[in-house]
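Okay, here we've got a single chain as structure tokens, the form predicted on its own, with questions on binding and movement later.
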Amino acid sequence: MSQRRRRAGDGPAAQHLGEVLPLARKLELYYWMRLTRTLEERLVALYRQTKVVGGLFRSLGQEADAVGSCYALEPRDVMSPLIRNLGAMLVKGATPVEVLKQYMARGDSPTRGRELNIHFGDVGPAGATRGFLGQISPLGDMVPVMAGVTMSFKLRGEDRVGLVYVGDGATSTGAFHEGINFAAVNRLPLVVVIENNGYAYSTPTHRQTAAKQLVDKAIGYGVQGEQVDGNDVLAVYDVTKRAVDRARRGEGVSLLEFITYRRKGHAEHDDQSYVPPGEIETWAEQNDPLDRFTRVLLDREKVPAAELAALDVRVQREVDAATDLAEAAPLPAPHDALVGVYADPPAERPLWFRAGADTSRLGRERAEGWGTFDAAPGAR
């Protein structure tokens, strides 16, 4: 294949950075994948108990691409997730108790009960923050945002890289096009990951783009493009690490396509009636990322089964402890809704917007300065 469009694994086996990771780091990858799945399973249980506020978005079947790619970043780098990148959030430093409190809208959650799932961030100077950016929900919008973030790295001469996730549907949006084109022209240190999981909500990929493979779009932007099996965590790490290293060397943008599959609906409320019969079961039985990596660790790396079982127990205990903390946390106070929205004052009196209103005109009520007429008290 051409230099700008290749599949991971085309080169010599010695160049596979995932394969040569020390065993201790491979076990870390297993831990993060197991934690992602177990935490999401707990969230499902809480959702069914009506303890989760709003929608619940699963990454079942996609854990390898989020964990393997974010694991290739350095602590000083910045990552922008999507709703199915819980694994990347955890790798970057988000904690299970933060995620649980966020979903349960607790008063001491990262957004004080005002947002859902992973819509929160911790970004700023390298070393002082964990380096993940709260997402904007509209498809593709985080690409131009991360282009701006990485532009700041370049202008400041900082040795930092940005990574942004998009779905297959987002590649058909104007925001994606403008963002990656801007980043490409300016040779910004940005890695754009396309998680091709087969569906843009309920729309199959072939119904929203004529491209045979999304990595082909890299050619049009003049950037490096690679496609990889997104359910192979070591291969995902390999291609992402090489892309991150290219960006850090000043070689510009990379566009990576991860081939994976979304085994749950857009959210828990989605019954997936649009999926052909048997498709989900086939992916679950033949291409589950955790099952595949478990076999690698047991058969090739000769990790004792008891060691993996101990990691599973550790994860279960951590999720149990985080759940207890989240359930005991208080709900937000009503005035918390104003904190961070109005800088001064941070809280206001109930019905503050009625102050100074004149109710004498046609039975209507308007606060000072609202309308097209003088609403000052006593005005006629």
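Residue numbers run from 1 along the displayed sequence. Just so you know, these numbers come straight off a predicted model, no measurement behind them.
Keep in mind the form predicted in complex with another copy of the chain is missing from the figure; the text below concerns it.
- Shown alone here, residue 224 lies farther than 4.5 Å from another copy of the chain in the predicted complex, counting heavy atoms only.
- Mapping the unseen interface onto this chain, residue 290 falls outside it, with no heavy atom inside 4.5 Å of another copy of the chain in the predicted complex.
- In the predicted complex, no heavy atom of residue 89 sits within 4.5 Å of another copy of the chain.
- Although the partner is absent from this view, residue 174 contacts another copy of the chain in the predicted complex, with a non-hydrogen atom inside 4.5 angstroms.
- Candidate site formed by 178, 210 and 216: every one of these residues places a non-hydrogen atom within 4.5 angstroms of another copy of the chain in the predicted complex.
- This chain is drawn without another copy of the chain; in the predicted complex, the residue among 83, 184, 73, 259 with a heavy atom within 4.5 Å of it is 184.
- Segments offered: 238-246, 301-309, 201-209, 282-290. Contacting another copy of the chain in the predicted complex at heavy atom distances within 4.5 Å is 201-209.
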